[in-house]
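In structure tokens, the next block holds one chain alone, the form predicted alone.
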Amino acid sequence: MTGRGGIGLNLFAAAMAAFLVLPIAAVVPAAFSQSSFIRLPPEAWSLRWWHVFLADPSWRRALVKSIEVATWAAALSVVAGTAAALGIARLRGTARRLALALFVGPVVVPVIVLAVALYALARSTGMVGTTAGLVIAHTMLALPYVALNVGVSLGMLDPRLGLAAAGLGASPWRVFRTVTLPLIRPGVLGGAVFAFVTSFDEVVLSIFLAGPTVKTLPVRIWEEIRIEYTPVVAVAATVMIALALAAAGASRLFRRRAA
């Protein structure tokens, strides 16, 4: 598309991007406010609330716990999701549609429904307020993103490559390690980033399953907002945005190197 139509389309896309990004980006200036209340734009700039965030042990523990849970959830969902995508790719017809529906379920079902069900299950097994409980719940929520991303990469893979390697005497594990995995690596990396960000940002499941000593950063933000709405909340949100962007940037870099 050229001429006025192309310019109009570009302007519309830019307006939609601004509509989505600007409300999120507005949090960043609020994190550098000097006042005790969030004001946009800030009346005076300061690192006051960054010092508060870094000096408070509860905020530091919540940040570390979020990174820990998200890392474990991403790792587990990558292993399970890749295996699931490989299995689904071999199915046909109704069996494949049912398997896809099963794995997409956690994305379709409202999170509050999953939270109530998982809380009842975790309470009966004593996993409420534990890191393991959060990791398992977040893995279940992140698993569909990995399975779908890897499934797209598998759909673009030429099956004759694996057959050729097997015909030359390679074992199934060696075919996967030397042929399949390098070719689907972009999907695996993309799924890992989605899984990490999904776990790191999740608040509903975390509120139900967190405990007094096991809190993620979104849960700590929720608690702070209920008591007082100071710019330290904006600092925490800015940290979450920065980590999400860093994860996306790292994934893009790895995918370029893989290509």
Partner chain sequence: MSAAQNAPGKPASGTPAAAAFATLFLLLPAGLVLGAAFLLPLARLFGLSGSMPAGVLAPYLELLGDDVYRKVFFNTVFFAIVVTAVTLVLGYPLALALARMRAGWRALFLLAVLMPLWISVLVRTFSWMLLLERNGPINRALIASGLTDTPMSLLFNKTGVLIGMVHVLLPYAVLPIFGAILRIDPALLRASEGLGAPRHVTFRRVLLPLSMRGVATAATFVFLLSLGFFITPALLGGASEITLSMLVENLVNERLAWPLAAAASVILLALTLALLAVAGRFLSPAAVAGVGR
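Keep in mind that what you see is a predicted model, and the values were worked out from it rather than measured. For clarity, a rigid core is taken as the largest C-alpha set superposing within 1.5 Å between two forms. Residue numbers count along the first chain shown, from 1.
The protein also exists as the form predicted in complex with the partner chain; that form is not presented, and the subsequent description refers to it.
Student: Does any heavy atom of residue 30 come within 4.5 Å of a heavy atom of the partner chain in the predicted bound form?
Tutor: Because a heavy atom of residue 30 falls inside 4.5 Å of the partner chain in the predicted bound form, the answer is yes.
Student: I'd like to know whether residue 214 contacts the partner chain in the predicted bound form, with contact meaning heavy atoms within 4.5 angstroms.
Tutor: No - in the predicted bound form, heavy atoms of residue 214 and the partner chain never come within 4.5 Å of each other.
Student: Would residue 178 sit within 4.5 Å of the partner chain in the predicted bound form, counting heavy atoms only?
Tutor: Contact check for residue 178: no, nothing within 4.5 Å of the partner chain in the predicted bound form.
Student: Check whether residue 57 has any heavy atom within 4.5 Å of a heavy atom of the partner chain in the predicted bound form, and answer yes or no.
Tutor: Close contact is absent here: in the predicted bound form, residue 57 is far from the partner chain, nothing within 4.5 Å, heavy atoms only.
Student: So, a 4.5 angstroms cut-off on heavy atom distances: do all three of 95, 225 and 247 pass it with respect to the partner chain in the predicted bound form?
Tutor: All of them do, each having a heavy atom within 4.5 Å of the partner.
Student: Could you spot which one of 104, 164, 183, 132 gets a heavy atom to within 4.5 Å of the partner chain in the predicted bound form?
Tutor: The option sitting close enough to the partner is 104.
Student: Determine the residues of 21-55 with a heavy atom within 4.5 Å of the partner chain in the predicted bound form and present them in sequence order; the list may be empty.
Tutor: Stretch hits, in order: 21, 23, 24, 26, 27, 30, 38, 39, 40, 41.
Student: Does residue 167 count as moved between this form and the one not shown, where moved means a C-alpha shift of 2 angstroms or more after fitting the rigid core?
Tutor: Comparing the forms between this form and the one not shown, which are aligned on their rigid core, residue 167 does not shift its C-alpha by 2 Å or more.
Student: Relative to the superposed rigid core, does residue 178 relocate between this form and the one not shown - that is, does its Cα move 2 Å or more?
Tutor: No, residue 178 moves less than 2 Å.
Student: State yes or no: after fitting on the rigid core, is the Cα displacement of residue 248 between this form and the one not shown at least 2 Å?
Tutor: Residue 248 C-alpha, core-superposed: shift of 2 Å or more.
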